[in-house]
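Take a look at this single chain in structure tokens; it is the form predicted on its own.
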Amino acid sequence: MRQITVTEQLLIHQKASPMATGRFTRLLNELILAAKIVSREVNKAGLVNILGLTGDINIQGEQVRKLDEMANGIIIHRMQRAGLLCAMASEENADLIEIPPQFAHGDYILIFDPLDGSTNIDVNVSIGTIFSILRRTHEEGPVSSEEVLQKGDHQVAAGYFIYGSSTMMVYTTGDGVHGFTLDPSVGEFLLSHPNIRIPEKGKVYSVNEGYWNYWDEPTKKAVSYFKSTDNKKRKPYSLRYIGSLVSDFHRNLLSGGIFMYPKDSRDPKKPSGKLRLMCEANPLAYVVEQAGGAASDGEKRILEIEPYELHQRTPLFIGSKEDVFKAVSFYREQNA
């Protein structure tokens, strides 16, 4: 059977669009190369002393892991030299990452989480890279903050790489969602999951119930609903929680279900929750909506949130459409 590579599929879509120039295809190819390098390093992490902590603290106030730092450096190094970006933003960097003047500049902005789920690195749980691509709104001059702080529905592409039993790339350019699996024998991502569609309703809920005492009442009602029965007419959902956003999301995208990371009262410095709007919630929300699902902060659609700062945080309810709408209904009841 003939296998389709990511590049082939991109070129097919490029031909279908009379406005396509090929620059976006080149951009994704550079990102794919960076992910291949990260995948290689992840697969041998325990052999080359890149597990554990560096001793540094990142902008999120979290301890930086060696593999986090390595992945961040690889992506920045590759993408700065691509000649297709005007700026980047990473979960690991406090400020916008500029493209040095000695390199060519382009029209795109890349926002990424270099290694999501990094707290699971040392125990060999699947982790991933999440990315969001925006187009700058001004033609020239320094990149302004308003060009980066665009709503999620302005993304031109988004997706993730997951480094697990196999390495996969899942992405969308606004025309469906496709999954590719890395064949290490040829070094190419090959189409393995065309036109991914998330089930309308799932059988799994993913949430860290250890934080129950820190949740508000609507969150407790939502979780209680998913784990309860209704006079034996409705079976309880199964709890499946890995603690790696990209892994939990990927499982539910393929099989159906809901992932929840609500706000909680543990840390008054993070009243809106833990997850980052720009580099985590927005790209995954774009993917899930293109696959027929939904994503909300409990009150509004994730992709409609107006960002006000680069490392803004948000609650997240994401997955099968019926399940997300049910969770959100408990918040609407409270606000009615």
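Position 1 is the first residue in the sequence shown; the rest follow in order. In this text, all values refer to a predicted model and were calculated from it rather than measured experimentally.
This protein has a second form, the form predicted together with a small molecule, left out of what is shown; the following refers to that one.
- [ ] Could you tell me which stretch in 97-105, 243-251, 219-227, 141-149 has residues with non-hydrogen atoms within 4.5 Å of the small molecule in the predicted bound form?
- [x] Every other range fails; the passing one is 243-251.
TODO: Check each of S90, S118, Q155, T167 and return the one that places a heavy atom within 4.5 angstroms of the small molecule in the predicted bound form.
DONE: Selected residue: S118.
Open item on the list: Between A34, L275, L67, V288, only one gets a heavy atom within 4.5 angstroms of the small molecule in the predicted bound form; which residue is that?
Closed with: It is L275.
Task: Partner contact for W212 in the predicted bound form: the small molecule, 4.5 angstroms, heavy atom - done: Contact check for W212: no, nothing within 4.5 Å of the small molecule in the predicted bound form.
- [ ] Report yes if any heavy atom of N208 sits within 4.5 Å of a heavy atom of the small molecule in the predicted bound form; otherwise report no.
- [x] The answer is yes: N208 has a heavy atom within 4.5 Å of the small molecule.
Task: Interface membership of F259, the small molecule in the predicted bound form, 4.5 Å heavy atom rule - done: F259: yes, in contact with the small molecule in the predicted bound form.
Task: 4.5 Å heavy atom contact, E280 and the small molecule in the predicted bound form - done: Yes, contact at 4.5 Å.
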